[in-house]
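Just the one chain here, laid out as structure tokens, in the form predicted on its own.
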């Protein structure tokens, strides 16, 4: 008999809001496991002698360890097992691409569906957050040294959390009026409730971390000035929030948004609650979203909830090549998003008053693989067609905002403007300055940014410990 004999082939299903209801609200779609469901799913884990799943986790959570504790019904202990290396488990349980990381390496997944690691992580995190019983992390005695963290997204929060536990006095500088970075401005409420984000940030802040909002580093202070004004080291985790456009005719028409602006207005500024909140957003009845990633799915599903009657998702490759999570694509399909594959826009056409009227596209075919490993899309001659739309949302990625790199002396950047930093340590070309997350890699995942933050925290600790030994 094989080790997985008798284990159900399929994972425990997780209930969701009814499709007809959820497209009319911003409440969370996935409803999570009950205690019974969590124990049942956790019991599918093989407890492998060599758990490959851990190596698939950028922050190296002891996955078999916390799952075994779930099977024993000790949910709080399971939570703290995760918290040994992950300060944001409720967030990661919702938005991490587990299917391409830890779950991809699950041994059970070779014969059956892999263990639902992300759903189990979410369950234990929600269990403890609801009880309100999160214990304070153990903190080393203060060493008197100060570290500045630029950006309060997943990379910055993780670096701050680890350093604070090591005894450093940490200050986070955030450009927006709320901390959380992409967790609050980029990911919609229906996928990641902002109350959850705030609870996890609060649990990290209890370590004595100072949070300064409305502080755009590079404007109010430069990185150089932070180092000159008492900080012993600086970590840059400001993300990549500069919108990227297609550079086609008509992109300056009224009704064309970058996904960054569209989602920030909706998520951070609460445009969906206008006029209760001050920021409005004009989104017409026929919306085209360009792109195939999670941001495109978020934008399309947000447009539905803002009242769109028809939402088209236009993607230049096929469904197979879409980088969005399978779960998010399925949710979008269930909600009625119309996918148009193997097409790309070439022109946006406006009316006499400068508002979007139609979008012109060409059909594509897939050629040989490009550097990403996906087959390169090639336009078909004389295949143009138009779609009547009044709103266009461009979700084809982002670039790095140049404010911080351009105002920091001695900081090397690559051709695209991203900061060059060691993958292993986050060390940049400037002494005492470290960086990680999207400002180094370009748009990536929440958990990969957290992994970079953990590496940088250890490297900063080593750097400053060496400085103390040298008497500097």
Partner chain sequence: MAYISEKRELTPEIKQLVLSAPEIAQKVKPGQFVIVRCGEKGERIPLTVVEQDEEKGTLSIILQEVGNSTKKLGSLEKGEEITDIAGPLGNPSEVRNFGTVVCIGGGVGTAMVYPVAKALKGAGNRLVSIVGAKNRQLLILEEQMRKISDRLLVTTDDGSCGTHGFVTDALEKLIADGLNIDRVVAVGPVAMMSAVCRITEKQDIQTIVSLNPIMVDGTGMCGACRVTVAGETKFACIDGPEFDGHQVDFEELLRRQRMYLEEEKIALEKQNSE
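Treat the numbers as computed from the prediction; the structure is a model and nothing was measured. Positions refer to the first chain, counted from 1.
If you look for the form predicted in complex with the partner chain, you will not find it shown, but the lines that follow are about it.
Of the listed positions (318, 279, 198, 363), a single one reaches within 4.5 angstroms of the partner chain by any non-hydrogen atom in the model of the complex, namely 279.
Though the partner chain is absent from this view, in the model of the complex it lies within 4.5 Å of a heavy atom of just one residue from 345, 241, 188, 93, which is 241. Taking the partner from elsewhere, no residue among 107, 293 and 333 has a non-hydrogen atom within 4.5 angstroms of the partner chain in the model of the complex. With the partner left out here, the partner chain still marks one of 142-150, 216-224, 80-88, 304-312 in the model of the complex; by a 4.5 Å heavy atom cut-off that stretch is 216-224. Within 4.5 Å of some heavy atom of the partner chain in the model of the complex lies at least one heavy atom of residue 265.
Shown alone here, residue 177 lies within 4.5 Å of the partner chain in the model of the complex, counting heavy atoms only. Using a 4.5 angstroms threshold between heavy atoms, residue 251 counts as touching the partner chain in the model of the complex. Though the partner is left out of this view, residue 339 does not reach within 4.5 Å of the partner chain in the model of the complex, counting heavy atoms only. Using a 4.5 Å cut-off on any heavy atom, the residues of 400-414 that reach the partner chain in the model of the complex are, in sequence order, 401, 402, 403.
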